[in-house]
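Just one chain follows, in the form predicted alone, and it is written as structure tokens.
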């Protein structure tokens, strides 16, 4: 049986719309076996225990690219990444399916080829790149190829995700974005994403709060997320170095210095008093990305 583990991801990281992403210590696990015929899917959402399953569709796309003829497939899914919360559940399914198919076919594709294929399926590389590569990455797609770089950030940060009970679809979050932006807003974001990367690499954590400001997506998507401003203000008062919407939302992320030992307890107390139910998750950066083998 082939085993694949893929981390959750948080894309955009403030101003890095559709190009920045980080891999987090929360995982979906996938188990694959070639069978005599048909398709068997165990685990995951029962609604997608069929040929519309994204893991299966990604495997099928990979087999087509490789030219591998698969008789039948059994897929078992352990989905720990919540769906429609901005934590890269779709990217995890895509990467898991591609890696599973590639293992089944004899490891024909290299990592970069798998990344290009994952981006083709997903439509953009900001989630699939850290899911596959690990760490914090910057990635772009040009001429059907993904160019990426892994950012070696300074030690000293931990990451908190505030995951609500309500969902927000990516299509809905995309629909509120403007078709065009001003030159001024473009310059605003270019400066801040540059500052954010530099601050993370150099350990200048006091710059992150300013660097996380954004005019491309958060000012629009924040209106779709109940209690976003209250949570952002609370995090800032508790010493957070940066607060941003995770992917398309509605999960909210906070970067906190590891020396801030009281943050977790205090933010939990504040969130418990809000109208909506929020789960606080403490993450480490996952530096490996997607893995296969017995030790997943």
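Because the structure is a prediction, the values reported are computed rather than measured. Residue numbers count along the first chain shown, from 1.
The following text describes the form predicted in complex with ligand HSE, which does not appear among the structures shown.
Trainee: Counting non-hydrogen atoms within 4.5 angstroms of ligand HSE in the model of the complex, say which of 174, 145, 76, 111 makes the cut.
Mentor: The residue from 174, 145, 76, 111 that makes the contact is 174.
Trainee: Out of 149, 170, 202, 80, which one falls within 4.5 Å of ligand HSE in the model of the complex, going by heavy atoms?
Mentor: By the 4.5 Å heavy-atom cutoff, the listed residue in contact is 170.
Trainee: Can we say 12, 17 and 124 each have a non-hydrogen atom within 4.5 Å of ligand HSE in the model of the complex?
Mentor: Looking in the model of the complex, the three residues 12, 17 and 124 all sit within 4.5 Å of ligand HSE (heavy atoms).
Trainee: Can you check whether residue 248 is within 4.5 Å of ligand HSE in the model of the complex, heavy atom basis?
Mentor: Residue 248: contacts ligand HSE in the model of the complex.
Trainee: Using a 4.5 Å heavy atom cut-off, state whether residue 85 contacts ligand HSE in the model of the complex.
Mentor: Heavy-atom contact with ligand HSE at 4.5 Å: absent for residue 85.
Trainee: Which of these stretches, 150-158, 187-195, 95-103, 124-132, has heavy atoms within 4.5 Å of ligand HSE in the model of the complex?
Mentor: That would be 124-132.
Trainee: Scan 212-230 and write down, in order along the chain, each residue with a heavy atom lying within 4.5 Å of ligand HSE in the model of the complex.
Mentor: If the 4.5 Å heavy-atom criterion is applied to ligand HSE in the model of the complex, 212-230 yields only 221.
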